[in-house]
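Next comes just one chain, in C-alpha cells: the form predicted on its own.
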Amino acid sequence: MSNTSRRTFLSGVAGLSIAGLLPGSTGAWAQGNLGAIKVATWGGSWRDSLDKQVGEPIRKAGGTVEYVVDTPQGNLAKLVAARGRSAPFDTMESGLELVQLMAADRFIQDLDYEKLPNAKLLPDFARAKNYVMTLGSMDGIVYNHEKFKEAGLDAPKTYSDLAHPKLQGKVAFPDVNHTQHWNAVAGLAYEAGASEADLTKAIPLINKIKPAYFFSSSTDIATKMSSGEIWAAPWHAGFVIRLRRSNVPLSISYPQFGTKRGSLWPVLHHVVRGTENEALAHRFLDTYLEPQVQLSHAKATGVLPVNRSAIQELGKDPETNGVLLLSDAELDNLFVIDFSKVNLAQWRSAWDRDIVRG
C-alpha cells in the first residue's frame, strides 16, 4: 500500500456518518432459498464474530453458511489437494503473501462488482480484480505489562528488545504460516538495517531472541498469554482488546519500520473458482462490507475497518483507546509489507534451515 493509497484510505469517505452511507445490502438482495456456502476463515472469536455479523443475516435471508477453520495457508493447501474436484469452500480470507500464487494457479476468480454494491464505499486500493480488503490487523509487540513491571522491564520498543535475558523462555514468535509472521520478520529485517527485500537479515535476531516456541495458532498463544506462561509475542492489537475483556493485563507497542511506526496487515476476501453458489458467495462478501457490519466486527475483534466512517466511529470506543493507532497521521504512517520485494521461496527455505529451535 503506497503513501497515496494510505491517504486515500483516510480521505475516501471522510465526513460521512454510518447512518448516512448507502443502505445495507440485506435489503437490496432477494430473499428466499439462497442455498449454502462454506467460508474459509480463522477460528475462535474471529469466526464467532464473523458468523454473528455476516452469517446470521445470510441465514435470516434464507441461506446456509458453514465455516472451514484454518490459517490461509492451510486453506490454500485444501484447494491444492482438491484440484480437479469440487472446491472445498466457496469464499476465503487470506493475506497479501498468497494473492499472486492463488491467482496464478487459478484458485480464485474475478469478482463481479455489480453484485457488490457496498464495495462502492471502499477506497480504490481496497478493491482488486480478485479480492476485496475487508479489514486490517494492527501488528506490533503484545506483552503482559504486569509481568514486565514485576521483572523491572520497560515496555519493548523494538522486536529486538524481546532478546532481553529476563525474557528468556517467556517469548513466543509467529511461525511462517501465521499471519503475524510477516510484519514481525520484516520489522526485524529493518532493525538489522535491511528491509523486506532481505528477510534473511532477521534470522540472527530471531535466534538471539530464542523464542520458547513458534506459534501457528492465535488460539494457542492466547491461552499461553492468559495463563502467564508467555509474556510477549509479535502479534496484533485485536488480541489485546479481546483478552483484556477477560482481565488479562496486556498492552501493545508499535516498533519502527524505518520512518514508519506500527504495521498493518490487510485481510483479503476472495470468491473461490469453482464455487457452486457464486451468487451467495458474493452476497456474503457484500454483507461483510456493510458499514455497520464493518464497525461491529472491528469492535468485536479489535481490528481496523476499511470504511473510513467506521474508523471514525471506532475511535469513540473506549476499548480501543491506547491500543489502536487511529489518528490520521498514525494511519498514514503505518508500514505495509511490499511482497513484490519478498522472495517467498528463499525465505521459507531459510526459515526451515536456519532458525534455531529449542
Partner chain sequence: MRIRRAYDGALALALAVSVVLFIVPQLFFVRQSFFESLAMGMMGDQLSFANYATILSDGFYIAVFVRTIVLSAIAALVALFIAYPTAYWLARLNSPVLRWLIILLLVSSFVSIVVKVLGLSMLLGSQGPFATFLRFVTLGWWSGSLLHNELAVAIGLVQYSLPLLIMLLFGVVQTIPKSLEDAALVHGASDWSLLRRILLPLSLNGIVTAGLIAFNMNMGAFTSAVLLGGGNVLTVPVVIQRKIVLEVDYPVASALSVLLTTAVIVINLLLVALRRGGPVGAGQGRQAA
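Numbering follows the first chain given and starts at 1. The structure presented is a predicted model; accordingly, all values stated were derived computationally and were not measured.
Keep in mind that the form predicted in complex with the partner chain is not shown, yet the notes after this line are about it.
Judged by heavy atoms within 4.5 Å of the partner chain in the model of the complex, the contact stretch among the candidates 77 to 85, 199 to 207, 243 to 251, 152 to 160 is 77 to 85. Every member of the trio Leu101, Phe107 and Tyr213 reaches the partner chain in the model of the complex with some non-hydrogen atom inside 4.5 Å. A heavy atom within 4.5 Å of the partner chain in the model of the complex is found for exactly one of Ser195, Gln73, Gln256, Asn130: Gln73. Mapping the unseen interface onto this chain, Ala279 falls outside it, with no heavy atom inside 4.5 Å of the partner chain in the model of the complex. Under a 4.5 angstroms non-hydrogen atom cutoff, the partner chain in the model of the complex lacks Ala119 among its neighbouring residues. In the model of the complex, none of the heavy atoms of His269 sits within 4.5 Å of a heavy atom of the partner chain. Remark: Lys224 counts among the residues lining the partner chain in the model of the complex, judged by a heavy atom distance of 4.5 Å or less.
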